[in-house]
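So this first bit is one chain, no partners, the form predicted alone, shown in structure tokens.
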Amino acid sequence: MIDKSRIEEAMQTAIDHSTADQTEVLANNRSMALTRFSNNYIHQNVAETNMSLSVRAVIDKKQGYASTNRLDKDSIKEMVDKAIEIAEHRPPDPDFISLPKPRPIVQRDMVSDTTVDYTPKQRASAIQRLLNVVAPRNFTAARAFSTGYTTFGVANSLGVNAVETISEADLKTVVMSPTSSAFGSAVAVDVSNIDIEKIALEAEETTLRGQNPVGLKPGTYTVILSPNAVADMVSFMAFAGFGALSLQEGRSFMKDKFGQQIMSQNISIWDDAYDPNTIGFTFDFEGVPKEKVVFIENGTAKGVCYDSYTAKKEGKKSTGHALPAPNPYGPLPLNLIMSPGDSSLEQMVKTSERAILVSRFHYTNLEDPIRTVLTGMTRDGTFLIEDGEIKMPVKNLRFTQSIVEALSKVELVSMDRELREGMLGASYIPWLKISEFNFTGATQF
């Protein structure tokens, strides 16, 4: 593991060399190893370690950027000189005031030695345990299992200096039969917390149940969405409207809605990097400590997240949600959490006269950010529910649906939640039962 002191030294070299009015340095070291498998065989094992530095030089209100992955002092100084040269030739940003000053950061212990030291042989053994479950059914499995760590640092000429390391284990698999498939995944700081057998058994069951699907006409249906599908949906909604820049530019669905109920009362969504069920750095890409931000509380629009740039526009302070500069997207939440309910998947199924159970979304795209209209397809297990029972697998359907409207028609929320990857980091998400979900097209598979 790269010593944090080496990262701090590299960042300080850049700051000491800079002649800009203000200087910011980001350091990122990522060491990951990955084992890929397909058709029930491991076919690739790779490992990569790379460290990069990037610098933002501020001259008056002009900003320049440069980066390098060479850590010798001459290369770092050359990077800084390039950023200063670029800043001198760029137009000023009249809204820029200053880089942030340091604030106290309470860091979490997010490193598992078991994950950091996990070997290719151990990954292969874990994959074999998965294959031992699905292969006797003549199912085939594919995808990858990765383990490693990321060390991230931020420093600036105003005194910010923060470095943190997170270990990460990530398993993804698709289990297939000739006519069906299922998706299984898990992400964890400690690889020991990934239950290989559970993932394999659930994927095996979905694949078995999903064989020989039948066609279903598009239309409006009640749906039961898995945490995978909900995480995908909520991440796109957060991208569309939970950041201050989208609000300031008038393209957030939250605009003029604060204090109003815009979703079902059983929906609350917030961002909290310190929640023990999430994985994420405790400071943002400006070195500002992350704060808990509530976006939706019991269906009511409450707030958005800020970086230093958008906060200064409104005379507020950053909530610690900056992305790396230069950043056209503004601040965004990377540790989304949705509140639990008092239901279960079994109750959702039993209380459904006619509904569609969706295991996963695929190829999702945001059509209309202001109306949060999302389009995509179901995948890896779609089932018709009738009279409180899962009756049959159905062929995949295309949906076109406003996320906000869908979340305003939530009937049930599960007690159990799962950590699932979405477009914005990993989200801690329950199952949802939603009425009047729009399916606009059908497929042949």
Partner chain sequence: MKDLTSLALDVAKTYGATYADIRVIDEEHESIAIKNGRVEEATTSTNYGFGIRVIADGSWGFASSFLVEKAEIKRVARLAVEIAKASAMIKKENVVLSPILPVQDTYKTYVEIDPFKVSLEDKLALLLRAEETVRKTPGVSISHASMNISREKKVFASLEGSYIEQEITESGAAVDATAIKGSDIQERSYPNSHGGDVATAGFEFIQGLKLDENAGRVAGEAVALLSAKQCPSGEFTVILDASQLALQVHESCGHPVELDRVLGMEASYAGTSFLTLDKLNKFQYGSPIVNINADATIPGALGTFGYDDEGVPAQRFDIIKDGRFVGYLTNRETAPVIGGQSNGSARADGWGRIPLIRMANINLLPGDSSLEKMISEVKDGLYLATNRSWSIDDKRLNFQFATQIGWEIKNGKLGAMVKNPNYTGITPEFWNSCDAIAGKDEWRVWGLPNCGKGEPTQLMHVAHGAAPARFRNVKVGVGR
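Positions refer to the first chain, counted from 1. Since the model is a prediction, treat every value here as computed from it, not as a measurement.
Not on display, but discussed next: the form predicted together with the partner chain.
| query | Can you say which of 300-308, 348-356, 326-334, 199-207 gets within 4.5 Å of the partner chain in the model of the complex, counting heavy atoms only? | reply | The contacting stretch is 326-334.
| message | Is it the case in the model of the complex that 138, 409 and 417 each bring at least one heavy atom within 4.5 Å of the partner chain? | response | Looking in the model of the complex, the three residues 138, 409 and 417 all stay beyond 4.5 Å of the partner chain (heavy atoms).
| query | Looking at 76, 293, 176, 263, which has any heavy atom no more than 4.5 Å from the partner chain in the model of the complex? | reply | Partner contact (heavy atom, 4.5 Å) among the options: 176.
| Listed residue (90, 108, 317, 103) with a non-hydrogen atom within 4.5 angstroms of the partner chain in the model of the complex | Contact with the partner chain in the model of the complex is made by 90 alone.
| Should residue 340 be counted as a contact of the partner chain in the model of the complex, where contact means heavy atoms within 4.5 Å? | Residue 340 lies outside the contact set for the partner chain.
| query | Given that the partner is absent here, does residue 398 sit within 4.5 Å of the partner chain in the model of the complex, heavy atoms only? | reply | Yes.
| request: May I ask you to check whether residue 371 falls inside a 4.5 Å heavy atom distance of the partner chain in the model of the complex? | output: The answer is yes: residue 371 has a heavy atom within 4.5 Å of the partner chain.
| query | Using 4.5 Å between non-hydrogen atoms, is residue 128 touching the partner chain in the model of the complex? | reply | Yes, residue 128 lies within 4.5 Å of the partner chain in the model of the complex.
| Though the partner is not shown here, which residues of 28-53 have a heavy atom within 4.5 Å of the partner chain in the model of the complex? | Result: 34, 36, 38, 39, 40, 41, 42, 43, 44, 45, 46, 47, 48, 49, 50, 51.
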